[in-house]
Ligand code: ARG
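The chain that follows stands alone, in the form predicted on its own, written as structure tokens.
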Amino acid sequence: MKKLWGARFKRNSDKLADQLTFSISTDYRLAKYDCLGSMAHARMLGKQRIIPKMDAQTIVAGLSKILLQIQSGKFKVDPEAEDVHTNIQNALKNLIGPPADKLHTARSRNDQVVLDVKLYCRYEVGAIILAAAGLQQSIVQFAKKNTGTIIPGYTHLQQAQVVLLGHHMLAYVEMLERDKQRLSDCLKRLDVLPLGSCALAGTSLKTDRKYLAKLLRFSAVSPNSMDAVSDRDFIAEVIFDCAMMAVHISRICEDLILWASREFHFVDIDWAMCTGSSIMPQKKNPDVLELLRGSTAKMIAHVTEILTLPKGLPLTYNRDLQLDKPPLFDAVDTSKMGLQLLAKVFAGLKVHKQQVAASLTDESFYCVDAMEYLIRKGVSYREAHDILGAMVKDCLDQGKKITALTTNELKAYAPQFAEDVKNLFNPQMSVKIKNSFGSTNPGLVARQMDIWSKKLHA
């Protein structure tokens, strides 16, 4: 198979070397974007009369047919053609003949590759943002179905204070919103056209890069051709954003895995999202969540990979950069699958409300509420903290209820205590009295859920 660069070479490349250098098995997913970029390039070449307008029209028509074949799955990949660009170039030559040889005028595979990857990232980042919004919607719907449900909140995986389940769920929504914002911000730096930079130095031909940017919907044109062909910052940024999202997904999965265990028994995961055991017929394992949690490891590894790859590379293009695509493609695929699966998990998730309610009887949950009761009566924070610490040591650590103490016994700890302090030792009161913005107060949480519902359905 004749290579695009083969005219100067005295003999064919080594077959084993071909296995290393060929990328068609990986970069074929760029085929659609390669066609779109080449169609815009051909139009520009015709407009500028760098090639005859008739040839430009013939090229665009041929590429349109190839694009339809790609989109319908009928395009035949030639494994002997080293990459997606050669595949499409050869297919175009077979389809339209000599005019195809003029397509590569005023560009290099260097700027062509960066363009293709940017077009791919632009589309896929949008798809990931939509999938993240879908997961947010699923979480909010789950929270609304369980309005009023109160659960234990944890620090250090030790029971701390009670919170609304909806409040806990909205924490996930906030995480995902930051992920969406990072990805949206990444799109701004993606929005620079590299095509027309050629190999590294630009061209002496009278191209119109602003016209290309308009056709391909880029808001800016790269001002430095050397930077444009060697830049992989945008890929690193996409991968990092996906890895950060994977960390959030992993934390969500960990909560659900714990809550689904017999020790917690707070939730029941739909059977469709679980697997069984080959030896223990009673098992219902949350394998989907475990694999999503585990996939975070490779996402973090992809960040290391893409940051290490260009480290120390001299300007401009080096073939090392061909290896940027596997981590990018996997990060995109893993992100979309994880978001979609987790949305399905929340859609089928059931809460064991009686079990959850039974976990809230420990009066330790309400010690901060009793401490703030004393603060409102003029006791200093430090003194109030010490008073409640003594009560916990004398009562709760020995299995006694603070609410079983008489008024005189309460006053022995602090004269400011009255019988009404006992009203604080229940979950409903505990969430109700929280009034700071962003807290677990039912009214505030309901308002936040309404805000998110409107925002996500806008």
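Source: prediction; values computed, not measured. Heads up: residue numbers just count along the shown sequence, starting at 1.
Heads up, the form predicted together with this ligand isn't pictured, but that's what we're talking about next.
Residue in contact with this ligand in the model of the complex (any heavy atom within 4.5 Å), chosen from K336, K102, H168, R109: R109. The partner is absent here; in the model of the complex, the one residue of Y317, F75, F240, F365 having a heavy atom within 4.5 Å of this ligand is Y317. Only one of 109 to 117, 152 to 160, 379 to 387, 306 to 314 places residue heavy atoms within 4.5 angstroms of this ligand in the model of the complex, namely 109 to 117.
Proximity of D34 to this ligand in the model of the complex: non-hydrogen atoms within 4.5 Å are absent; the residue sits far from the partner.
Of the heavy atoms in K180, none are within 4.5 Å of this ligand in the model of the complex.
Among heavy atoms of H302, none comes within 4.5 Å of this ligand in the model of the complex. Interface residue remark: K325 is counted as part of the site for this ligand in the model of the complex, having a heavy atom within 4.5 Å.
Taking this ligand as it sits in the model of the complex, the stretch 83 to 103 comes within 4.5 angstroms of it through a non-hydrogen atom at D83, H85.
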